[in-house]
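Next comes just one chain, in structure tokens: the form predicted on its own.
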């Protein structure tokens, strides 16, 4: 009976749960799904991480290559993110060129990198005007069940913390790059941006970490990215219901708490894999 009611009147089905301050999956309105992270999952990448947020699963691989620095910024390198939502992760996506949602997610991740200054691009310069690192950050969704932006942001941060780049010197006589693979060092991660997403129901009610079904039924969504100092790095609100200042403040407070949870989880995982 309940399954039939959910199929015919999905919104009303959800409202009945929300009236009791809970959700069909048993979570409270402000509760996140179980979050797990596995760092260094891809041995062929320079850095990688796999993040699961409930069923939503994203893997991030970082590949480092050489390139000439941009002419207008000869002392900087590049960070190039790309989010891929293939048909294997959900029946809502089609094969072919990236759809709108994948493009929006790629731009969101690019904005987070730029605004949070997670890596200073000057750190990626090897020789000003001659050689710099390019970090290609490929994020692939393996299972889509809502809240893709939180999962991507976390996977990117965890993968970048896993990247080790070899020492590179320029031979003055031959002007060629010499790579010392025996001496590798971690990237200088300057900030730790963490995303927290909300869905708005019936223009007033806020729920955290929406599933794919909840996103579909919501009247709006909001994603807030904070760093460890409580600074706002990014705010993403693609249309939908408006929010009052008080509601926005509530979201910011929840985002600060979420940052501590994610940072603690990541630190524990990194500590467990680093050689004693």
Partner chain sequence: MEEEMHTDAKIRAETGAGSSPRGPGCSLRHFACEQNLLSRPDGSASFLQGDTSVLAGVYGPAEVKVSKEIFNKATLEVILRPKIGLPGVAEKSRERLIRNTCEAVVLGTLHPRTSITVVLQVVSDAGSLLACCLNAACMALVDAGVPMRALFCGVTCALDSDGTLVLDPTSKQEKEARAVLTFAVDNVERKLLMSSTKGLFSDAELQQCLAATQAASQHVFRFYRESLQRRYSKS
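Bear in mind that the values here come from a model prediction, so they are computed numbers and not experimental data. Positions refer to the first chain, counted from 1.
Another form exists, predicted together with its partner chain; not displayed. Remarks below refer to it.
J.: Between 235, 42, 29, 217, only one gets a heavy atom within 4.5 angstroms of its partner chain in the predicted bound form; which residue is that?
T.: Exactly one residue meets the criterion: 235.
J.: At 4.5 angstroms, heavy atoms only, are 46, 71 and 169 all close to its partner chain in the predicted bound form?
T.: No, because 46, 71 and 169 lack any heavy atom that approaches its partner chain to within 4.5 Å in the predicted bound form.
J.: Tell me the stretch among 177-185, 132-140, 161-169, 93-101 that has any heavy atom within 4.5 angstroms of its partner chain in the predicted bound form.
T.: Every other range fails; the passing one is 93-101.
J.: Please tell me whether any heavy atom belonging to residue 203 falls inside 4.5 Å of a heavy atom of its partner chain, as the geometry stands in the predicted bound form.
T.: It does: once its partner chain is placed as it appears in the predicted bound form, residue 203 has a heavy atom within 4.5 Å of it.
J.: Check residue 38 for me: does it contact its partner chain in the predicted bound form (non-hydrogen atoms, 4.5 angstroms)?
T.: Contact check for residue 38: no, nothing within 4.5 Å of its partner chain in the predicted bound form.
J.: Can you work out whether residue 227 and its partner chain are in contact in the predicted bound form, taking contact to mean some heavy atom pair no more than 4.5 Å apart?
T.: Judged by the heavy-atom cut-off of 4.5 Å, residue 227 is in contact with its partner chain in the predicted bound form.
J.: With the cut-off set at 4.5 Å between non-hydrogen atoms, does residue 115 touch its partner chain in the predicted bound form?
T.: Yes - in the predicted bound form, heavy atoms of residue 115 and its partner chain come within 4.5 Å of each other.
J.: Under the 4.5 Å heavy atom criterion, name the residues of 242-271 that approach its partner chain in the predicted bound form, in sequence order.
T.: If the 4.5 Å heavy-atom criterion is applied to its partner chain in the predicted bound form, 242-271 yields 242, 243, 244, 248, 249, 252.
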